[in-house]
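Starting off, we have a lone chain in the form predicted alone, written out as C-alpha cells.
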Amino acid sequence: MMFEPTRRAGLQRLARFAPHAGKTYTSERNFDRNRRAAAVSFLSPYIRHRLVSEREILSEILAHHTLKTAMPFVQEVFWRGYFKGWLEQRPSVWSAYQAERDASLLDPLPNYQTAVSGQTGIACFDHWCQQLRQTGYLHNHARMWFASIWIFTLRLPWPLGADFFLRHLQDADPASNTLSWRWVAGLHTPGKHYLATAENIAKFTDGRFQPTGQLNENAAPLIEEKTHPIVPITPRSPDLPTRALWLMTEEDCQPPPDGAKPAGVLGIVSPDATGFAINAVRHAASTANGQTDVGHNWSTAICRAAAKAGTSDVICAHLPVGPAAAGFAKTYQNLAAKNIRIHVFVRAYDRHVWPHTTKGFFKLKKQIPALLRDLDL
C-alpha cells in the first residue's frame, strides 16, 4: 500500500511537505513526475477521511508561509470543502450520476474493457490506468488528462470513468470525484470543459509522453438536460450529550468535539469503502480504544456497542452526500425504533465553508482570508 492509513503517517507527510507548500508548490505542482516530488503533498487520503483535518493542514502550512505565498495550496484545500458543500446542496447530482452509471454498466461500449485494462494504445493513458490500479493514486493533473481522454477521445460515458476512479483511488471522495469529472466534461460549469492536449501532456510530464495525433483536441463540451435545483442547508451542531457512544466513519476519523467524552468508540464503514478507508477507520477506532465493524450491519453493531458502553446516545459527525450517508439513512430509522438517540453534528470547518458554496468556486475563494480568521488561523 502506497499510503499508511494512520493519523501518524498523515502528520508526518504534512510535516515533510509544509516547507515546500509555497513557491515550490506554486511553480511545480502541475508536473507529473514521480511520487517523491517535493511539490506533491500526498495528503489527499488523509484529508479525505479526516485522519488529518483541514484546519490542521492549513495551520501547519501558514506556520511556514504567508497566505499570499501559500495561496495556491490553500485554495486546493478549500476546493475539497467547496465540492462537498456544493454537492450537499444538490444531492440530485449524485443520484443522477448513480443512475447513469448503472445504466451504462448494463451495456458498456466495446472499448470500455480496453480502457479500464489500460490497452488503448495511448501510452500515457494506459500508464495512468496501470498506475491507478497498482497504487490507488494519480497526480491531480494526470486525473484531469485521464478524464478528458476518457470522455472526449475514447467517447466513454463520464459516470463509468468516475466509477472507475471511485473503486480504485485510495482518496476516493464522492463529491470531489463526481464534480471533478463533471467539470472536465463541461457539466459543472456548463459550456466550460477541459481538453487534454498532446503539447500540455508533453510539457508537464517532462516529455515522457507525447501523444501527438492521438487525442481529440477539438471536442465540444457535453450537454446535460437535467436541472439540479439547490436544496438549502443550514449546517449547525446541536448540544451534545457529555457521555455517548462515539461513531467513527470513513468520512471522519477525528476524535469527538471538545466537551464530548465518549463512553465507547465504534468504527463503521460502507460497503463501497476502499481498503485505505477500512484500515483508516480500524486504526482510528483502535487508537481511541474502540472497535470496528466492517460487516455493514450497522444497526446491530451500533446497538451492541451502545449497550456495552451503557448508553442510548450515539454521536456522529455529519455524513455528506455519498454511499455512507445513504447507508446510514436507513440505519437512523432502525435505531430510532430501538430508542437509540443519534446526535449528528457538523464540524466547524464545514459550518464556515459550506454557506459559500452555492455557486462557483470564485465566491468561496474571495472569502478565504475571512474564513481563516473565523477558524482562528
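Residues carry their position along the shown sequence, with the first being 1. Owing to the predicted nature of the structure, the values given are computational and were not obtained by experimental measurement.
The form predicted together with a small molecule is left out here; the points below concern that form.
Chemist: The small molecule isn't shown here, but in the predicted complex which of N216, S92, N140, Q134 has a heavy atom within 4.5 Å of it?
Modeler: Contact residue from the list: N140.
Chemist: Out of S59, S312, T331, S44, which one falls within 4.5 Å of the small molecule in the predicted complex, going by heavy atoms?
Modeler: None of the others qualify; the residue that does is S44.
Chemist: At 4.5 Å between heavy atoms, only one of the stretches 242 to 250, 92 to 100, 179 to 187, 267 to 275 reaches the small molecule in the predicted complex; which one is it?
Modeler: Answer to the contact question: 179 to 187.
Chemist: Does F83 make contact with the small molecule in the predicted complex, using a 4.5 Å heavy atom cut-off?
Modeler: Judged by the heavy-atom cut-off of 4.5 Å, F83 is in contact with the small molecule in the predicted complex.
Chemist: With the partner left out here, check for me: in the predicted complex, does some heavy atom of E76 sit within 4.5 Å of the small molecule?
Modeler: Taking the distances in the predicted complex, the answer for E76 is yes, it comes within 4.5 Å of the small molecule.
Chemist: Wondering, does F165 line up within 4.5 Å of the small molecule in the predicted complex on heavy atoms?
Modeler: Yes.
Chemist: Can M144 be called a contact residue for the small molecule in the predicted complex at 4.5 Å between heavy atoms?
Modeler: Yes, M144 sits close enough to the small molecule in the predicted complex that at least one of its heavy atoms falls within 4.5 Å.
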